[in-house]
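Just the one chain here, laid out as structure tokens, in the form predicted alone.
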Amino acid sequence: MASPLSLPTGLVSPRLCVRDVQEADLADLLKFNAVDAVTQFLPYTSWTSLQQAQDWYSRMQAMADLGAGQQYVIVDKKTQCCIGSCLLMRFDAASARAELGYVLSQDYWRQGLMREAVSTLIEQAFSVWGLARLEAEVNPRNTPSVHLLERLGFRREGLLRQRWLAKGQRYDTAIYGLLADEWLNP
């Protein structure tokens, strides 16, 4: 069963293409998911092998098959390489909402690329798929991610203390939300 959030033809922006992940993307994804600075605030440790990438891919395919979400890659149009990924997960069709996640290769930080990629995905989510709400959880210490969400119009809705245990440490998460009305009618 295909995910209701699938992008068979992808989304194109000036510098990027956002499309469904494919097994052929794993070598590119491994390159930046193996960097500790990239995974520092993510709930998983840096990848150390292609097998870890393949295991992750299997989990993402299972999530899509259940209709619970969809994993996408961010492709640089110039190089045709995957430079990041984004994800809609915890999709709830009855409530028309999903949670957003993302990661970008360190080589592409501070160029506005994640904002460009996520903006195209948000537009698709609200205008085409008819979602009413997007949510994001972020470690409050991850200031670049906090700033990205705020620039995109997400509002901080609360702090969940010691919400996650990852890499042997408990940490808080700030909850952000963006409503379709706020995006479509700013």
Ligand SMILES: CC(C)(COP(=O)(O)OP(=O)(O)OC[C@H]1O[C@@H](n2cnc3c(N)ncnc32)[C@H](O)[C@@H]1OP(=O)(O)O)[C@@H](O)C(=O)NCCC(=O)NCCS
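Residue positions are given as counts along the sequence shown, with the first one as 1. Values in this document were obtained by computation on a predicted structure and should not be read as measured data.
This next part talks about the form predicted in complex with the ligand, which is not shown.
Asker: Exactly one stretch in 124-132, 145-153, 45-53, 62-70 has heavy atoms within 4.5 Å of the ligand in the model of the complex; which is it?
Answerer: Among the candidates, contact is made by 145-153.
Asker: Let me test this: is every residue among 90, 176 and 179 within 4.5 Å of the ligand in the model of the complex, going by heavy atom positions?
Answerer: No, the candidate spot makes no contact with the ligand.
Asker: Answer with yes or no whether residue 114 is in contact with the ligand in the model of the complex, where contact means some heavy atom within 4.5 Å.
Answerer: Result yes; residue 114 sits at the interface with the ligand in the model of the complex.
Asker: Heavy atom to heavy atom, is residue 41 within 4.5 Å of the ligand in the model of the complex?
Answerer: Result yes; residue 41 sits at the interface with the ligand in the model of the complex.
Asker: Check whether residue 137 has any heavy atom within 4.5 Å of a heavy atom of the ligand in the model of the complex, and answer yes or no.
Answerer: Yes - in the model of the complex, heavy atoms of residue 137 and the ligand come within 4.5 Å of each other.
Asker: Answer for residue 78 alone: is it within 4.5 Å of the ligand in the model of the complex, judged on heavy atom distances?
Answerer: Residue 78: no, not in contact with the ligand in the model of the complex.
Asker: At a 4.5 angstroms cut-off on non-hydrogen atoms, which residues of 55-70 are near the ligand in the model of the complex? List them in order.
Answerer: Heavy-atom contacts to the ligand in the model of the complex: nothing from 55-70.
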